[in-house]
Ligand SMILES: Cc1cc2nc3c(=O)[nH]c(=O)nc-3n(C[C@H](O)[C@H](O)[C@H](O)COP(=O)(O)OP(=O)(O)OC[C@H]3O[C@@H](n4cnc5c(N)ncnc54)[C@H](O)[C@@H]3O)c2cc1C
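Next comes just one chain, in structure tokens: the form predicted alone.
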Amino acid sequence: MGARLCVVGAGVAGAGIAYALRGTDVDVTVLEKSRGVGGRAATRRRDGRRYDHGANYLKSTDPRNAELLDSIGREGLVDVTEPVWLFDADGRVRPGDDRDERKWTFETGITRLSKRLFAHTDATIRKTTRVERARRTADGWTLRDTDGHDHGPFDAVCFTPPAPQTADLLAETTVEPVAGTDASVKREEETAANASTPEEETAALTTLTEAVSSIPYRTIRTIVLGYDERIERPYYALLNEDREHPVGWLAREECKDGHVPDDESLLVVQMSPAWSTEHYDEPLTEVASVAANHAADLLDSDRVRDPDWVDDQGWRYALPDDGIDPSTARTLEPAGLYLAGDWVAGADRLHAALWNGVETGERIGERLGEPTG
């Protein structure tokens, strides 16, 4: 039997970890608090429409992305060809310059990326399971969920939620050192070199928790506006370049094949962090008209002021504004505790979370796994 790994969170980082371990004997269990996978790379369905209301697409910025799509399958892949334009604090719109960047999602939505990654693995995914604490003893790692159920023991654990939520988990984590590191580590000399005292591991956990707690995050509230007619524009989306407008991002979901009926428009309006924080808990009935009016001004269309239907989603911890020092993030890896995500990579991009997960999974595989097949 191979080593046992628990991944907390089924977002793209968690999916990347599982994908990286697909050719090893490491047994992966994923505990996910929600009913789906993908995290902020999420897609919602409504009356035959699909819309990516968090992360919008995977960019070609990292050349590994195209290779990955070849590996997991390009069936149903959507290449958004319309450009992203820019606007400033006064709402002045101008063309952008993303001609060399491709923007990929799927006909069924960006959630398909995580689903397809997981489909290439044997990982067990336990949804609606919110982890509240972790404990390491001589038997390994055990995690307890908010319903009082224990999961484990595992040889290693990896936390992938946003930094503030990971900090909460770390604050409720206890590490009881045993002789050397995990029994599944193959190299005896490494085991001896990484042996720690109880005081050293407790201090390391405290330092790690403080470092993760210090990472600032942006809050984003997304307002979705639906229209029963097509509103044509020469761009896919508008991005606020100075972060001084109440709207941070406005995208036309109809530019993605398979998402919106041909005679309709669907606007994904992501409000700015400052606006989102101030109005995060206000009813949708109150904020939808505000978002619609801002969108109408940006698109220069009075029709946009009166949407036929609305929806919303809040992301209290949407995007990191900084990252953790890589060496600090790996402080407790000898004890079997790993961290992964965009905030570990130090970049608020979907591909950053994905590849940080893959790279973390590769390290876990090198340490705990044996190749299969």
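Quick caveat, the model's predicted, so the values are computed rather than measured. Numbering starts at 1 and follows the sequence shown.
The discussion below concerns the form predicted together with this ligand, not included here.
Peer 1: Can residue 336 be called a contact residue for this ligand in the predicted bound form at 4.5 Å between heavy atoms?
Peer 2: Residue-level check for residue 336: no, no contact with this ligand.
Peer 1: Quick one: does residue 105 come within 4.5 Å of this ligand in the predicted bound form, counting heavy atoms only?
Peer 2: Outside the cut-off, so no.
Peer 1: Determine whether any heavy atom of residue 276 comes within 4.5 Å of a heavy atom of this ligand in the predicted bound form, and answer yes or no.
Peer 2: Judged by the heavy-atom cut-off of 4.5 Å, residue 276 is well away from this ligand in the predicted bound form.
Peer 1: Verify the contact flag for residue 307: yes if a non-hydrogen atom of it lies within 4.5 Å of a non-hydrogen atom of this ligand in the predicted bound form, no if not.
Peer 2: No, residue 307 is distant from the partner.
Peer 1: Are 21, 151 and 359 jointly within 4.5 Å of this ligand in the predicted bound form, each by at least one heavy atom?
Peer 2: Spot residues vs this ligand: no contact at all.
Peer 1: In the predicted bound form, which of 285-293, 86-94, 217-225, 117-125 comes within 4.5 Å of this ligand (heavy atoms)?
Peer 2: Among the listed stretches, the partner-contacting one is 217-225.
Peer 1: Tell me, which of 209, 165, 173, 240 has a heavy atom within 4.5 angstroms of this ligand in the predicted bound form?
Peer 2: Contact residue from the list: 165.
Peer 1: Heavy atom within 4.5 Å of this ligand in the predicted bound form: which residues of 127-156 meet that condition, in order?
Peer 2: Sequence-ordered list: 129, 130, 131.
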